[in-house]
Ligand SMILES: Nc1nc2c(ncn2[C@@H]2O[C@H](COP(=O)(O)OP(=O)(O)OP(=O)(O)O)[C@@H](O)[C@H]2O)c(=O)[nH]1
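Given as structure tokens, the chain that follows is alone and in the form predicted on its own.
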């Protein structure tokens, strides 16, 4: 007996998998964000800060920090049945920036985490993505005790283009961090659609 079409189970299509970078300055909350949203146990390459690194590791504003990412963080979050994000957290210290080009390969966008107490630390990541034409959103990590500013004030301070999303978030809270990730995906899709439209 030959099975008919109705007897064949229709397999659900595999979800679209996208690569997102989580970048920003030293101690801004990248590892925390990846760990808080990841539905798998996040891979972390944290090492203790040592006296040997003191001359090159600027801990201004994060004096209580005891560890640092030396390669990358990795996690995964399912946004919907049709979309899965693979997250790659970059190391924040300048001496590890050579890894960023490798990590950026294949990424559709990035979240640049910012701390309003140390906004200047965000410029290196912003310049990196702008120079490579990689879409990004800025996630302002609302640390306890830090002054809160509206997104437009942060946009002006960072001299961002009007179309770049600026999202207030708490990297420790899954739902809040997720909003920053969704913002960069939507921004990247808008950029892609605009580019296709310009070519027609």
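The shown structure was predicted, so the numbers you read here are calculated from the model rather than taken from an experiment. Numbering follows the first chain given and starts at 1.
What comes next is about the form predicted together with the ligand, which is not displayed.
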query	finding
Contact label in the model of the complex: residue 144 to the ligand, heavy atom within 4.5 Å	yes
Partner proximity in the model of the complex: residue 174 to the ligand, non-hydrogen atom cutoff 4.5 Å	no
The ligand contact in the model of the complex: residue 28, any heavy atom under 4.5 Å	yes
Partner contact for residue 32 in the model of the complex: the ligand, 4.5 angstroms, heavy atom	yes
